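Taking the form predicted on its own, here's one chain by itself in structure tokens.
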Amino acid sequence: MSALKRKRGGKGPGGKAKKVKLVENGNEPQTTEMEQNKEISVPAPVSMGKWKNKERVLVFSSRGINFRTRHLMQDLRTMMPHTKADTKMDRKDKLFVINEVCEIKNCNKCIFFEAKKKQDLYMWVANVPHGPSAKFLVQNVHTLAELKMTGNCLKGSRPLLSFDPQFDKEPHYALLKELFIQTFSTPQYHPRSQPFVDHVFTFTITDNRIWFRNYQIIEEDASMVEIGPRFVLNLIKIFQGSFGGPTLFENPHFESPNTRRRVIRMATASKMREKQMVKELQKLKRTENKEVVTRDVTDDVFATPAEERPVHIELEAPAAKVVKKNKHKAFKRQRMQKR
């Protein structure tokens, strides 16, 4: 890279930019008054293109995260051009060290992913250094490459933020809404951002959880298609300070993953104990002394009571039966004789 850097909205390092004129047969073209009147002058914006809202977000994690969390972090850095990265933090370090890291990186917002037991993922969203900060349990993570969606928004473009109406009804959700707006929205005229708005971040509250989705605006009639990533945030606590301090709100519906796994283990163990008891009862029945049955009980089924009849003895032979001839054959003979 050259030592002279070109500023946003400015000219090149050589001062004023030269205008290229088309020359025909060595003569410069003459512009008439009609052509000069057709030129349109676009007025400069009110802020003169200066970057005033200097929000910088530090996105990093602790050691022990899996590949899915690493890809999710990379997706957030891709979608948010005002983010910065840092090396993974050691698990032994306290969370207030993050404030010093943000100060070194010149960041005033932080998204920190904390991994525990190599299976639970927690996300901190904090305003550094004065707070507030919120701690979430991240569930149902699907990265941008994993979803294989059809959308393809411009890298570095500024997003629209869409919030559920429930964010304005309760005070702790209103605080989270302001925290999300300052963290996820790309500042206007940011040097690494693009002057386009072609995707939407949606935050929806369902089942006492915050569902994050990313949609691309593909048509002028505001038709959208999901492009990812997607994840669910289960709120745990909101603190007054940055990564600590007095608790402003605690979610009564939150159930820790350890408790949930313990309940599942206990249910599985109870089923196994029940199966073992059934097997033991069957084994006891087999080992019991069997009674020797000398008489078949089913013989009485065929014993039907009947009246005794006197025995009749025939002394004479029975009369011989007269065998009748076949009527059909006799009738046939008669017909033959008549012929």
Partner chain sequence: MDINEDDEQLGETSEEDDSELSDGELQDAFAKGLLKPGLNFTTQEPKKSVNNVEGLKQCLADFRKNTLPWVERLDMVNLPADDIVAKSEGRLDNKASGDINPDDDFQREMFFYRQAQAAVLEAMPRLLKLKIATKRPEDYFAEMAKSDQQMQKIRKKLIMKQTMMEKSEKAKKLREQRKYGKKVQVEVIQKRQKDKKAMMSAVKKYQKGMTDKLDFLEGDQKTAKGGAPAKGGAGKTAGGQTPDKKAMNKKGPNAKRKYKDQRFGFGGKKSGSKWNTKDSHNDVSGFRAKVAHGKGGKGGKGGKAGPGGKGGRGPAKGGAKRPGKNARKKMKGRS
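Positions refer to the first chain, counted from 1. What you see is a predicted model; the values in this text were computed from it and never measured.
If you look for the form predicted in complex with its partner chain, you will not find it shown, but the lines that follow are about it.
- Taking the partner from elsewhere, residue 187 is found to have a heavy atom lying within 4.5 Å of its partner chain in the predicted bound form.
- Taking non-hydrogen atoms only, residue 154 approaches its partner chain to within 4.5 angstroms in the predicted bound form.
- Using a 4.5 angstroms threshold between heavy atoms, residue 198 counts as touching its partner chain in the predicted bound form.
- Among residues of the shown chain, residue 250 is one whose heavy atoms approach its partner chain to within 4.5 Å in the predicted bound form.
- Look at 115-123, 98-106, 83-91, 138-146: in the predicted bound form, residues with non-hydrogen atoms within 4.5 angstroms of its partner chain sit in 138-146.
- For the stretch 121-145, the set of residues having any non-hydrogen atom within 4.5 angstroms of its partner chain in the predicted bound form comprises 127, 131, 132, 144, 145, in sequence order.
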